[in-house]
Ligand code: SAM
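Quick setup: one chain, the form predicted on its own, written in structure tokens, and binding and motion questions come after.
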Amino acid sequence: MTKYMKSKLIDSYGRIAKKLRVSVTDKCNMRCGYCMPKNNTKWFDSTEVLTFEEIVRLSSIFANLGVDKIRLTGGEPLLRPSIENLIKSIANIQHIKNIGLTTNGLLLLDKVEALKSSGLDSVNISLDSFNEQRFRTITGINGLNKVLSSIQKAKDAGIDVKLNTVVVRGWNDDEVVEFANFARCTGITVRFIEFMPLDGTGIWRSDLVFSKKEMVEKIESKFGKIFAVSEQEISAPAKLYSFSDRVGTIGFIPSVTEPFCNQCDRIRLTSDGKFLTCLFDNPGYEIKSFLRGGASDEEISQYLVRYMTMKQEGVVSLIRINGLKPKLNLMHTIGG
């Protein structure tokens, strides 16, 4: 057994990385205001983006370092042609137990069967409004019905489906109850996400953050008391709740008002080959040059282990010093 297979990705706070988010492209077919720049977007050149072969090689190295769950993200990952081939290759990596995908759902409808057969286990679909006009205002396009059809088709195919809903004050906070009711009616878990300063447009402000506490108050005013699900993964970003009649599950990702950095077990690989130990790592640690420069798997592994020890406490440290501001990082380049 080589040395790198004995190592783990552990930081100076004792947190061990088990989940890897892999961004396969920075491009997206939506222009959500809380994420994508609206004008003058500088896309990565195609030569900068990791090939599928490079992603698979790195995924295998990460798996030997203890990662057992991989989620493909973007931008919009389904813009990457033949992504099902990448999923199939990752599914063959020893120690990988689960492969997920985060998507806006626009291109999912026609890809469900191929993704399922390639080995995809779960899909997180972004949806921020059930109102067609508001959906268009938030995303910049028409496509609500296509997303809703994709959600149903993925569920019918037996893929584990969750909804990701970013709640922004004055944008869609009045739909929180409707999303909770959707969870009750469909059996699909809806996860409410606080607006984070990872926006390409630079519009983030603290007063636009609609807090978990406020969401819970709205939901309980309609459905009564909600209760934390008794059995759930401690390190999961979303804390799950159910209703008094145990019908439906909702979750909250309160990254701004109740940060959970001390339990973080996630790391990220950007589409242009940078290793991020945190969503707020900027610019991250260059890995692609080692891949393309002839470094061995063991050498790359040693770099990753060393960089992991440099992981900072997280967004909680920025909150402590009142350091949150717009565009601390660009979500579309690092993946959700």
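Start at 1 and count along the sequence shown; that's the residue number. All figures in this text were calculated on a predicted structure; none of them were measured in a lab.
Form predicted in complex with S-adenosylmethionine: not shown, discussed below.
Trainee: Given the stretches 100-108, 148-156, 173-181, 208-216, which is the single one in contact with S-adenosylmethionine in the predicted bound form, using a heavy atom cutoff of 4.5 Å?
Mentor: Answer to the contact question: 100-108.
Trainee: If you check I193, L86, L115, C264 against S-adenosylmethionine in the predicted bound form, which one has a heavy atom within 4.5 Å?
Mentor: By the 4.5 Å heavy-atom cutoff, the listed residue in contact is I193.
Trainee: Consider C35 of the chain shown here, and say whether it contacts S-adenosylmethionine in the predicted bound form, taking contact as heavy atoms within 4.5 Å.
Mentor: Heavy-atom contact with S-adenosylmethionine at 4.5 Å: present for C35.
Trainee: Does G251 reach S-adenosylmethionine in the predicted bound form, with heavy atoms at most 4.5 Å apart?
Mentor: Close contact is absent here: in the predicted bound form, G251 is far from S-adenosylmethionine, nothing within 4.5 Å, heavy atoms only.
Trainee: Although S-adenosylmethionine is absent from this view, report whether L120 comes within 4.5 Å of it in the predicted bound form, heavy atoms only.
Mentor: L120 lies outside the contact set for S-adenosylmethionine.
Trainee: In the predicted bound form, is there a heavy atom of S-adenosylmethionine that lies within 4.5 Å of any heavy atom of T189, even though the partner is absent here?
Mentor: Although S-adenosylmethionine is absent here, T189 would stay clear of it in the predicted bound form, with no heavy atoms inside 4.5 Å.
Trainee: Go through 77-99 residue by residue and record those having a heavy atom within 4.5 Å of S-adenosylmethionine in the predicted bound form; state none if no residue qualifies.
Mentor: The one in contact is P77.
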